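Presented below, as C-alpha cells, is a lone chain in the form predicted alone.
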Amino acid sequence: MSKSITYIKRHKKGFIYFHWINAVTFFLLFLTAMPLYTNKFLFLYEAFGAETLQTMHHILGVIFILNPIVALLITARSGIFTLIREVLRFDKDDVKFLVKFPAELIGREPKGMPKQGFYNGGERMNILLQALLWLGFVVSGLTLWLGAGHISPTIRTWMIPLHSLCADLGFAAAIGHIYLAIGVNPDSFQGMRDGTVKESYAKHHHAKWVDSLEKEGKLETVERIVK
C-alpha cells in the first residue's frame, strides 16, 4: 500500500558534494598510507608500487586540503556558514543532549531530550573535531611532504606521530559517524543522498531548526509517494 511522506529540504547539492568528496578522499588517504603501518597492506605496494602509491597519497592530500576551501568560497558557502554558526552556538541544550545521547547508541529512546537546532550537540562536537583534525592533517602533512630543507628535522620528526594521531582519531570518528547515520538514525542518511530528510525525523531530532523555518516562513517541503 502506497503512502505520502513529507520531506524537508536540508542540504544543497554543493554541500552534499563537499561531504562525499571529503569522506572518499579521507578513506583513500587512509588506505594508501596503511602499508607504512602494517605488513598486511604491503600487497598495495606490490600492486601499484611504493612510488605510485605515495604519488596517489599526495594527490589525494591536495584534494582533501582544497575541498573545504573550495566549498567555503564557491560551491557550498551557505552550508559551510551554517556549519560554522551552529558550532559557535553550542549551548546548555547541547550539553543536556550529550548527557542523554549515549542511550541512543544502544537503541533506547532517551526521555526529556532537549530540542536541537540544524545540528545536534553530538554533530557539533564532531564538526569541531573534524575541523581540528583537518588542520592537523594540513600542518603535519605539508611539513612532512614539503618541509625538507626548510623546516628543522626535529619539528618534522614530531609531525609523524601528529599525522598518525589525526589519522587514528579521524578513522575512529568516521566509523562512529557511519554507525550513527546507518545503524541508529538511518533517516539522517537521506540528507546526504538528495538533501532532504523526513519531516517526522526533522521535528524529532532538529525541532529548533524546524520551528525557526516555520516562524520565518522558509520551510520547504517535498511530498513523495512511498510503497
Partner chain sequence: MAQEMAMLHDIARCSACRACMVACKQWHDLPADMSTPFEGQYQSHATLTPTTWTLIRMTEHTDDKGKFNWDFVKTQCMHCGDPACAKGCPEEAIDKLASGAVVINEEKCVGCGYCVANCPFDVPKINPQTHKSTKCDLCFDRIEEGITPSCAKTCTADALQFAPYEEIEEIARQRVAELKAEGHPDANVYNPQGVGGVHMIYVLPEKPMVYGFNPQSKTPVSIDIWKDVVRPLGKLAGAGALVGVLGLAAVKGLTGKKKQDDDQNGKGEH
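These numbers were taken from a predicted model, which means no experiment stands behind them. Residue numbers count along the first chain shown, from 1.
Not pictured, yet referred to below: the form predicted in complex with its partner chain.
Enquirer: Given that the partner is absent here, state which listed stretch (69-77, 131-139, 92-100, 151-159) has heavy atoms within 4.5 Å of its partner chain in the predicted complex.
Expert: The contacting stretch is 151-159.
Enquirer: Answer with yes or no whether E86 is in contact with its partner chain in the predicted complex, where contact means some heavy atom within 4.5 Å.
Expert: Output for E86 is no: heavy atoms all beyond 4.5 Å of its partner chain.
Enquirer: Closest heavy atom of D194 to its partner chain in the predicted complex, within 4.5 Å or not?
Expert: No, D194 stays farther than 4.5 Å from its partner chain in the predicted complex.
Enquirer: Test of understanding: in the predicted complex, would F171 fall inside 4.5 Å of its partner chain by heavy atoms?
Expert: Close contact exists here: in the predicted complex, F171 approaches its partner chain to within 4.5 Å, heavy atoms only.
Enquirer: May I ask you to state whether Y201 is within 4.5 Å of its partner chain in the predicted complex, using heavy atom distances?
Expert: Yes, Y201 sits close enough to its partner chain in the predicted complex that at least one of its heavy atoms falls within 4.5 Å.
Enquirer: Are there residues in 50-78 with a heavy atom within 4.5 Å of its partner chain in the predicted complex, and which are they, in order?
Expert: Going through 50-78 in order - heavy atoms within 4.5 Å of its partner chain in the predicted complex - the hits are A50, E51, Q54.
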